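Next up is one chain by itself, shown in C-alpha cells, the form predicted alone.
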Amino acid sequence: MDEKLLMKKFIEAYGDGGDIRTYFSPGRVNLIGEHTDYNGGHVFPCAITLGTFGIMRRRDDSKMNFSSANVRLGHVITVDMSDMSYKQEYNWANYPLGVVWAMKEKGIELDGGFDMMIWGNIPSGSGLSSSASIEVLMAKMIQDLYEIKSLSMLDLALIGQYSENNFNGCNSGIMDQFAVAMGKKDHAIFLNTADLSYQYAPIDLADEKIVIINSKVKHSLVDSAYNERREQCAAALKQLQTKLDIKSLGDLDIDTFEANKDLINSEIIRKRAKHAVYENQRTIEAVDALKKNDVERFGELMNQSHISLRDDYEVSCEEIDTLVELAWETDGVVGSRITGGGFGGCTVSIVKNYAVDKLKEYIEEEYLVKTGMRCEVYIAEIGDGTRRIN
C-alpha cells in the first residue's frame, strides 16, 4: 500500500470532501547507544525510510475516529473528546489517543474532533519504533491541521515521549521520538540526552551498508523489563550520589565508575549501571571513530555494545544472539548488535558491500535451522523526519 491507496481507503471509510491532509513519520534504527537515553547519556540513531503514513481531516463535533489499514479495514475506533482515558479495547489507538491526551495535559485543547487513518510498513514488534513513529505522526498532524504554531518538532518529540510514559505506561527515554521527529536524510543524530544538544553526523559509507535483520520475535516481557531496568539504574544512581555529585549515570566516565562502583550494594544493579556508563563512553568513541572514517573501530564498538547488552544489561534473547553470532561468523561483517529495547526485534550490522548478499543468504538459512523461524533482512536507507507530504 502507498499513500494514494491509503487516501482511497480513507475516503471509503469517512467520505470525501473537506481539508484532507497526508503525512509520513519514519521509524528509526539506533546504531549505538542503547538504554543510555534515560540515563543522561549519548545515543546515535537515524530515521529510516520505513515508517507510518497518516491521513487526517478535522470534524465539527467532538468525535475522534481512529482506523488503521494494518489492523482491519473498515473498523473505526471512536472516542469522544469528553473521555480520553486509556482503554485496553482501544488497542493500537491508545498511542495516537495518548498524544491528544498529552497535549491537553500541556494546555493544548483541540476545538473539535477528527477522522484519521494510518498505515505503516515498519514490521510489527521489530524494535524499529513503530510506537514513536505513530506518536510523532499524530503530534505533527495535530500541529499542522489545527495550526498550533507554538510547537516545534522538538516539542512534538517530547509530547510523544510524555504520552508513551504517562498514558501508555512504558517509561522510555527520548531517543525514539527525537530520532523520528528530527531525522535527516543520510545523517545519524549524535544526541546528548542530558541536555538535548545534538549534531547531525553524515553517514557516508562508501564500502559498507547498514543491514537490519528482524528476528521476527518479540517477547512479552519487554515493557515490564524495560521499566525494571530504568528503576535499577535509578537505584544505582541514588547510591552513587551518596558520594558523587552527579545528576545521571551519563555524568560518569569509566574510571570514576570503577573507583566508586562498590557504593552500589547489589551485583545486578551494579551490572546495569556498568552498562549505562560503558555504553555511553562507547557511543562517544564510536562517533569520533566514524568522523575519522575508522569504520572498523566503529564495528568493534558495536560488538562490545552487544556483549554488554547481553551480559550486563540482560536485554537480549536467544534468537537475537543467534543472529548476532551468525553475523560475527561472516567475513565482511564489520560489526553487529541488537538494536532497540530488547527481548526480540532487530539487529543492526555494518557490512562490506561485497558481503551483503552472502550474509543475507547465510543468515536466512542458518537462522531457520537453529530457531525454526524465518528472519527478514533489510538494507537500511536513512531518511528525513516526520513531515506533511501533500
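Quick note: we count residues from 1 along the sequence shown, nothing fancier. From a predicted model like this one, the values you see are computed outputs, not experimental measurements.
Another form exists, predicted in complex with alpha-D-galactopyranose; not displayed. Remarks below refer to it.
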Taking alpha-D-galactopyranose as it sits in the predicted bound form, is Gly299 near enough to touch it, meaning that at least one heavy atom pair lies within 4.5 angstroms? no
Would you classify Tyr38 as touching alpha-D-galactopyranose in the predicted bound form, given a 4.5 Å non-hydrogen atom cut-off? yes
4.5 angstroms heavy atom contact with alpha-D-galactopyranose in the predicted bound form for Ser172: yes
Can you work out whether Gly340 and alpha-D-galactopyranose are in contact in the predicted bound form, taking contact to mean some heavy atom pair no more than 4.5 Å apart? yes
Which residue among Tyr226, Tyr278, Tyr198, Trp92 has a heavy atom within 4.5 angstroms of alpha-D-galactopyranose in the predicted bound form? Tyr226
Choose from 173-181, 238-246, 265-273, 149-157 the stretch whose residues reach within 4.5 Å of alpha-D-galactopyranose in the predicted bound form, heavy atoms counted. 173-181
